[in-house]
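What follows is one chain in structure tokens, specifically the form predicted on its own.
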Amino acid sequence: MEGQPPPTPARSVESYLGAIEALVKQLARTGGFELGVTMRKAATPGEEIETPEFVVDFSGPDADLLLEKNASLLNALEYVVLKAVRLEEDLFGKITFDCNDWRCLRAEELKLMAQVAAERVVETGDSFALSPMSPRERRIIHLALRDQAGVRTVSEGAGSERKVVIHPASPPARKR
């Protein structure tokens, strides 16, 4: 259309890496954290869980601070940095922040939790709501149960209270 600027081409995730690394190092230094920061290409993606292309890894004496309260500081740091560098929304899943392999361990924990909850739903016929989770964690639950016979998953709630609810695949038949 006339008078409209041409659409800007989408940036690649690689074009943000320098800004992310510089900001993370500045925040660690300014915050007085004793943290090493390493940026690396992620391992080969797995088939069942979406994996990022790049990982910002933290190590050092203050690493445990990032992992307290279910890694709330690590998650907050990731969110703030990715927003501050104006990472395009569709690229958010391409970069993740990690510390002491916490993300991998958490994914395994979530998959196990999903299996146990699904078994309970199949046995009882009652729906089961998990605790509120981040979008990334909810996705792990959905993917872990996508081929599970007898259950279906939905995300319910809003904002920080959004959670996965596991339902029986079909509603129980009514007794006459």
Partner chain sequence: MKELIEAIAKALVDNPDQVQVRPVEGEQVTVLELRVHPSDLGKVIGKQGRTARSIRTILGAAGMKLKRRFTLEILE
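Residue numbers count along the first chain shown, from 1. Predicted model, so just to flag it, every value in this text is computed and none were measured.
This protein has a second form, the form predicted together with the partner chain, left out of what is shown; the following refers to that one.
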item: Contact of Leu77 with the partner chain in the predicted bound form (heavy atom, 4.5 Å); value: yes
item: Residue contact check: Asp147 to the partner chain in the predicted bound form, 4.5 Å heavy atom; value: no
item: is_contact(Leu17, the partner chain) in the predicted bound form, heavy atom dist at most 4.5 Å; value: no
item: Exercise: Phe33 in contact with the partner chain in the predicted bound form, heavy atom 4.5 Å; value: yes
item: Answer option from Leu65, Ala42, Val122, Met113, heavy atom within 4.5 Å of the partner chain in the predicted bound form; value: Leu65
item: In the predicted bound form, segment of 124-132, 51-59, 105-113, 25-33 with a heavy atom within 4.5 Å of the partner chain; value: 25-33
item: Stretch 86-118: residues contacting the partner chain in the predicted bound form, 4.5 Å heavy atom cut-off; value: Arg86, Glu89
